[in-house]
Structure formats: C-alpha cells, structure tokens
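Let's start with one chain on its own, the form predicted on its own, as structure tokens.
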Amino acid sequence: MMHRGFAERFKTNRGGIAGLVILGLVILVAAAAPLLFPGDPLDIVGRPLTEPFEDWRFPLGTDRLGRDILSGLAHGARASLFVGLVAALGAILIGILIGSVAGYFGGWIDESLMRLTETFQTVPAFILALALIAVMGPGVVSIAIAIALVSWTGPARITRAEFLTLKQREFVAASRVLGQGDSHIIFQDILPNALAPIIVLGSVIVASAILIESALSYLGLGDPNRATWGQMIASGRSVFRSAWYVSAIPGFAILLTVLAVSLVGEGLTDAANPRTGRR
C-alpha cells in the first residue's frame, strides 16, 4: 500500500483541520482590521462600559474608557500574531544555527554550545523575557525579539539530535567523497531532512509567544500606543466585577488562538509521524 503524503495525513486529523480553520479566521480578521475598523482602536468612540449587543455600533461593547472592544480585538490580533510568528521564526533560526553546528562538528564545539543552551534553560523564559524587555524597552518588536531570545533552546536541541543521526547516513558520506564543503553538507544535505520536527516545534513556540506577549502587555510592558489583547485584559481589571466582559472577551480570544495553534501543532506532529498519528 502506498504511503499517503504529509498533506493527506494532516487532512485526516480533525483537530488539526479545526485548528487550521480557526487560525485562518483569526489571521483573516487581523489582516482585514484596518479595513473593518479604519480608526484608531484606542480612540474613545462611545459611552463607557456599554454591554455587548446593547448598541449595534459596538457589538461587543465598550471598555471603561469608551473604546470599542471589537475594534481592539481585531487590531490586537495583529500584534499577537506578529509577535508569535516573528518570535517563532527568530527562535527557530537561532536554534537551527546553534543546533546544526553542535550536532555536525561535535567535540568541544558541541560541548560548549550545549552548556550555553543549558545556561539559558536554567532561567525561566518569562523572567528572562522580563529582564530583556527592561533593557530594550517596552514595545511589540522588543517583545518579539525577547521571546525569540528565550525560546531558541528547544529548536537547538532538536536540530542537534537530528544532525547527530543524519550525519551518519550514506548521502552525507557521498557528499564528502564528492568534495562538498561543510556548509554545503549542513545547509543543503542534512538540514532539509531535519526540518520536519523543527517546524512542528515552531507551532508550540508561536502559542507560547502569544501567551508571553499577552502577559507582558498585561503588566504594562507592551506598546502603550498599540492595542493588544493583554492590554485589553488589564484595562478591565478594575471593573471585572461589574463589567466582566471587558477582560473576558480578549481572554477568550487568546484562549481560542492558542488552542487553534496547538491543534495545528498536534496535526503536524501526527502527519510527520504516521505510525503514531490519529486515524
């Protein structure tokens, strides 16, 4: 029986497809936010604490300052997705560079780079991100960079493990016999065959980055001139008893987005490992 391709195996995973649909809708709303809500989401546009569905102009209500929650939700999705994707991409690139060099060359290079990796892992990611933000200053870009700098250890370890296995294969020996250099073997021969588990881990980093960004924004370390979900939750903290929806709605958006990314990650994992995949 012929093996199904990666995409076909992913299609059989209902959770992965559901997560992909939800994530696609979030991306669509984020992309269309300037068209759907052309004004500044931080502008005061109505009466404070208008309840959801009370005023058709503000379907999800307004916060304690009179800002449109739906507009903030749409524009906040842009910040969360930007941080998640940029942080994941940065972490994967750093991890691939360190892990590939460590796994390919081995010896003292491997030992030194793994000690560096362990050093980063001893400090909780959120605490280290706080310290980096304190140095770089608050902002969406700073948060994305900080999260990338605290999230590269996982991709580095996976890349190293893949390289330790793949560098023993026949096609690598054949490249050496043909006189190919180390950089050619690393980036053109071994790395393409090691990318599957790294890409799967990327989905985990995206979900984690969205949560960390929301927590940092909640603490006031995000961009004060930009709507973010964490900032929206913080703005409703003082009125939670009387207007719970101000914090609950962006909190639900975070939960739904992280769940969607996690489901996509599980679908990718099952597709990459057909023996353990769900039917």
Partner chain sequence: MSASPKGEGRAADYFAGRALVLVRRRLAQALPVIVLILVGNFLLLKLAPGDAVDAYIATIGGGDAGVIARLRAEYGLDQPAIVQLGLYLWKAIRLDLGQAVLYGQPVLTLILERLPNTLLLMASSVSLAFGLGVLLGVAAARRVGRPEDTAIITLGLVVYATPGFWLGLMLIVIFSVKLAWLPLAGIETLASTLTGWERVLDIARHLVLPTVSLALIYVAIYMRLMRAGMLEVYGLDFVRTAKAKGLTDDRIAWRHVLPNAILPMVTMLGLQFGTLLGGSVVIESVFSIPGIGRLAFESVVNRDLNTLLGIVFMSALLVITVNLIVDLLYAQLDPRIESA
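On a predicted model such as this, the values are computed, not experimentally measured, just so you know. Numbering follows the first chain given and starts at 1.
FYI, the form predicted in complex with the partner chain isn't displayed, but the following is about it.
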Does P192 reach the partner chain in the predicted complex if we count a contact as any heavy atom within 4.5 Å?
no
Looking in the predicted complex, any heavy atom of L178 within 4.5 Å of the partner chain?
no
Does the partner chain come within 4.5 Å of any heavy atom of S214 in the predicted complex?
yes
Can any non-hydrogen atom of L132 be found within 4.5 angstroms of the partner chain in the predicted complex?
yes
I have I22, V29 and I145 flagged as a candidate spot, so tell me whether each of them has a non-hydrogen atom within 4.5 Å of the partner chain in the predicted complex.
no
Looking at V141, L116, L164, L89, which has any heavy atom no more than 4.5 Å from the partner chain in the predicted complex?
L116
Sole residue of L97, I158, V172, V204 within 4.5 Å of the partner chain in the predicted complex, by heavy atom
V204
So which bits of 233-269 sit within 4.5 Å of the partner chain in the predicted complex, heavy atoms only?
I233, R237, F240, R241, W244, S247, A248, G251, F252, I254, L255, V258, L259, S262, L263, E266
